[in-house]
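Okay, so here's just one chain, in C-alpha cells, the form predicted alone.
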C-alpha cells in the first residue's frame, strides 16, 4: 500500500468535508474535530516467568454531549494513539446516528494478545483498569470488547473496577459473559446489525438477496455473524472470507466453489479469528492470498477487519458486479475508495451506520444492568433490528433529501444531533 494511512487524519478529513456542506460554525467544528480528553499510560505486568513487562495503554474520550462515553478496548500490536482518536471520534457519530444516548470513546493496548498466557492477559486487563478506573464508570465512560479482546476480558475488567469502587458495578463494561451481567444476543449483534442494513439496502436497490453473493474480509466476530446472517437470514451465498493466520504470519482468503459454510468455518476458528488451514483445506476450501477477497465476483463487498483496507492501491481490483459496500470494520475504506464508489454508482453503507449493532446492543446491556432485569435473545435482536432499520432509513432519507453520498448523509444526521445536544446543554 502506498503511504501510511493515518486514521485520525482520515476521520477529520471526512468530518471537515461534511462540516462545509452543513455550513457548520468553524468554532463548533474545531470543538468536534478533537477529543475532549485523552489518556496515555504504561501498564506494568508480571509475566509468568517472573519478569516484568510494561505495556502502552490508551483511552480517548471524544464527546459526551449526548451521554456517557462508549467504545471498545483494542489489544493489537499495531495500535496507535491516532487510531484510538479516530475510533473514539467515529464512536460519537455512531452513537448519534443510531440515536442512542451515548458519546464516543475508545481504548487500546499495544500488544498481540495471542502471545500472552491466560494469566498474563488477566493481569494486563486488571492493570488497564487500575490506570483508568477513576475516569470510567456507568455514568462516565463504558468500555467494551473490540479487536483482540473478549467477553472474558470484560468480565475481569468489570471485576477489577468493582473491587476498586467498592461495589458490584456490572454496567461499567459491556460485552461481558452472560453469566456476569452480559446480554443475550451481544455476541451476534454487530454482524447481525450489518446484515439488517444490507437487507434494507437491497430493498432500496431492488436486489433479491437469494440471487446475491457476498465477499467478506476478516473472520472475527463481526464477519462470522455477518456471514451466518447473509446465508441464514437473507438466503444469499458467501463467496469467501479472509483471516490472519497467527501460525504462518500471513493472511489467507478462504473460498469454496459453491460458497462457504460459515457455521463450519466458525467451528474451526480460534478466538482471534484464525481459521485452521489444514481442516479447511481437508474440507475442500481453497486458501488464496489474503488480498484475493476484494477481486471475487460478488454483489456485496464487506470489509470487516481493520481500517484502511480498501484504498487507492486496490479499489480498482473490485469486481464490476459489486453494487453494495457494507463497512463491517471501522474506517475500512479510504477517501480514495469513496471517490471510486461515487464514480461507479456503488451504494456504500458507512461504517458508523453499518456496524452500529454492537454499540446498540451494548447500550441494551447497560439498560439491563441498571434494571437488574434481562431480556430474551429474541427480544434483544428484535429491538436491535428495529433500531438499525430506523437508523438506516434516517440516513437514506437524508441522502435523498440532500442528494448526498451515504457517508456524508450519515455524518449530517450524526453531527446535527450532537450539535443540538451541545446547544441545549449550553456548551456552544
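Nothing here was measured: the structure is a model prediction, and the numbers come from that model. Numbering follows the first chain given and starts at 1.
Just so you know, the form predicted in complex with a small molecule exists too; it's not on screen, but the next bit is about it.
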- Would you confirm whether the three residues 311, 334 and 348 all fall within 4.5 Å of the small molecule in the model of the complex, going by non-hydrogen atoms? no
- Just one of 230-238, 170-178, 214-222, 200-208 has heavy atoms within 4.5 Å of the small molecule in the model of the complex; which? 214-222
- Query: Among 109, 294, 129, 251, which has at least one heavy atom within 4.5 Å of the small molecule in the model of the complex?
  - Reply: 251
- Task: Could you work out which of 86, 195, 158, 305 is the residue within 4.5 angstroms of the small molecule in the model of the complex, going by heavy atoms?
- Result: 305
- Message: in the model of the complex, does residue 148 come within 4.5 Å of the small molecule, counting heavy atoms only?
- Response: no
- Query: For residue 328, is any heavy atom within 4.5 Å of the small molecule in the model of the complex, or not?
  - Reply: yes
- Task: Evaluate residue 272 for contact with the small molecule in the model of the complex, applying a 4.5 angstroms cut-off between non-hydrogen atoms, and reply yes or no.
- Result: yes
- Task: Report whether the minimum heavy atom distance between residue 300 and the small molecule in the model of the complex is within 4.5 Å.
- Result: no
